[in-house]
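Presented below, as structure tokens, is a lone chain in the form predicted on its own.
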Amino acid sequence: MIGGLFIYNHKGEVLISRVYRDDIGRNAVDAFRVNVIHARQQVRSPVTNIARTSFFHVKRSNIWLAAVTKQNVNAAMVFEFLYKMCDVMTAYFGKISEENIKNNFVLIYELLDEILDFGYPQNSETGALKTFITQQGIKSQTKEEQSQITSQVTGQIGWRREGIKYRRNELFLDVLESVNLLMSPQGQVLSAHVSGRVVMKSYLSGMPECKFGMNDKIVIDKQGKGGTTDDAGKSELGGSSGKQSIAIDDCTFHQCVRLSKFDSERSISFIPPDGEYELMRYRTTKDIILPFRVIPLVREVGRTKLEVKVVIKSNFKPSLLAQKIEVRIPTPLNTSGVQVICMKGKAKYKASENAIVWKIKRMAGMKESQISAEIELLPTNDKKKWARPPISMNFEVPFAPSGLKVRYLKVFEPKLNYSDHDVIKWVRYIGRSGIYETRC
């Protein structure tokens, strides 16, 4: 049977060595290196006899596998074992190379312990071996994998694979904004800002390049009074402001955006990832459209009664509808009962939350509605006055409170047979309340 197994590299260096019988010494390793690997003439025979020792060898790329024996063994069986050994190693760590063998030498010794027992071949089926040798082999990266990693590190197109195809090319763009407000009882804006996101879903074939334009103040100022030529693809779905431009305080982009073009031309040019992603985030603090104005009136009638009147006014186009409107009017801790009258929607006192919750399903623009409440209080020895927490409001409107508008959204794909006009584009604006409060 097999007395030893050696794996050499192209220089004749031993990478794996396992001796199963005492009649195989160290000199057998050197004999194979000198007479086969470094032989002056090409060795054509897969079996070489040197000093009454037989060497059965196979070569995979620049790796030699040699089985050594001094006995008269079945040559076909030995070669069957060597080829099976190659198949097992390929199944565990891919290509048989010097680097892979060095990275997986512990795994190879484990496999040899299972496949060979005192030089006798045992179970060499890969499926059976993987049930009790569950260690994953370490695979070296191919040139293609290395170039892909390099392209990702160097900022090339690592977020989109090639060969994507769709029967219908579509592009969805959502402008999602959250408006935050703190207003005084007299109607003075104490602080206001809008946090926005541009979320896209792209289902485009090939490697298209997209250009996205908005009414950024710097862009409009550059173009001057002459207008633009990029308005052909614009969509103003519910943009309620008559403003021509907005001032963006700060913004961050997805890695696909070419920042150099944005800095020089203020144009957002990018090769989009496939599926849903967040293209950019931004923040504005100037010229914000406040969708609602809350006018509170609180009057104390003695020490056991409060009269509250709250008027809400919508400040956007009459053709638009706000939804999911909720106004929370705080009440004192010693409230014993509440009587509520509202013109529209439903209102309810929630004792567990110390608040009157007023809900309206829908409300058109340039409308107003009001609620009146009588709050009865329990007598208390606490001399501290009620702190009057602010009235908070939640809502959703179909426009961008910052005034942002999508001026154009263009798609270019030079390699495939479709143009910008073949792409179906959808643009949607959604404005929601963040922390929207009015002091009372």
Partner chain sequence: MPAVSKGDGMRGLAVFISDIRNCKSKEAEIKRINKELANIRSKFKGDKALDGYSKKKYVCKLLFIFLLGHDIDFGHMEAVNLLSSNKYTEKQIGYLFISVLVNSNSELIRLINNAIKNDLSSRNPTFMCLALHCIANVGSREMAEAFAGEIPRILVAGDTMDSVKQSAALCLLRLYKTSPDLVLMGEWTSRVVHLLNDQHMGVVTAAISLITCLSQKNPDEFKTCVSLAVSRLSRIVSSASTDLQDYTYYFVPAPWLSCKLLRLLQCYPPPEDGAVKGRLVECLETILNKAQEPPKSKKVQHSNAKNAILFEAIALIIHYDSEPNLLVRACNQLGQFLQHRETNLRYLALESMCTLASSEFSHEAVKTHIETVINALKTERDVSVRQRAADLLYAMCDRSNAKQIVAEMLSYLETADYSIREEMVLKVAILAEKYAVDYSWYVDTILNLIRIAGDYVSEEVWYRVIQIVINRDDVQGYAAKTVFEALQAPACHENMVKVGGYILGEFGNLIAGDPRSSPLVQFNLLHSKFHLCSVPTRALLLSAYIKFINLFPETKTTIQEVLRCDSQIRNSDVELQQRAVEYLKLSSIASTDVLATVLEEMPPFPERESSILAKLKKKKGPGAVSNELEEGKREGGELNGAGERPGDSSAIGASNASTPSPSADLLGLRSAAPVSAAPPSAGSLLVDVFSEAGPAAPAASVNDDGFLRDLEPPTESSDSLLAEGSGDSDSAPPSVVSEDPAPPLPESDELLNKFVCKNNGVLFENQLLQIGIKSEYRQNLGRMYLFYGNKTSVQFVSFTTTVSCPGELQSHLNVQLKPVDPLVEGGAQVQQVINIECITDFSEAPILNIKFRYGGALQNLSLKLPVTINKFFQPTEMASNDFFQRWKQLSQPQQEAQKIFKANHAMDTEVIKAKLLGLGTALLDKVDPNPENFVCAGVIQTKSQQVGCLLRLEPNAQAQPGEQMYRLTLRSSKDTVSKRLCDLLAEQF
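Take the two forms, superpose them, and find the largest set of C-alpha atoms that agree within 1.5 Å; that set is the rigid core. Numbering follows the first chain given and starts at 1. Remember, it's a predicted structure, so these values are computed and weren't measured experimentally.
Beyond what is shown, the protein has a form predicted in complex with the partner chain; the following relates to that form.
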- May I ask whether 339, 341 and 372 each come within 4.5 Å of the partner chain in the predicted bound form, counting any non-hydrogen atom? no
- Task: Mind telling me which stretch in 292-300, 160-168, 350-358, 313-321 gets its heavy atoms within 4.5 Å of the partner chain in the predicted bound form?
- Result: 350-358
- Wondering, does residue 428 line up within 4.5 Å of the partner chain in the predicted bound form on heavy atoms? no
- Message: Please determine whether residue 333 contacts the partner chain in the predicted bound form, using a 4.5 Å cut-off between heavy atoms.
- Response: yes
- Answer with yes or no whether residue 384 is in contact with the partner chain in the predicted bound form, where contact means some heavy atom within 4.5 Å. yes
- Message: I'd like to know if residue 396 sits close to the partner chain in the predicted bound form, meaning any non-hydrogen atom pair within 4.5 angstroms.
- Response: no
- Note on the structure: The one residue among 377, 66, 409, 63 placing a heavy atom within 4.5 Å of the partner chain in the predicted bound form is 377
- Answer yes if the Cα of residue 64 shifts by 2 angstroms or more between the shown form and the other one on a rigid-core superposition, and no otherwise. yes
- Message: Superposing on the rigid core, is the Cα displacement of residue 326 between the shown form and the other one 2 Å or more?
- Response: no
- Task: Indicate whether residue 393 shows a C-alpha shift of 2 Å or more between the shown form and the other one, with the rigid core used for the fit.
- Result: no
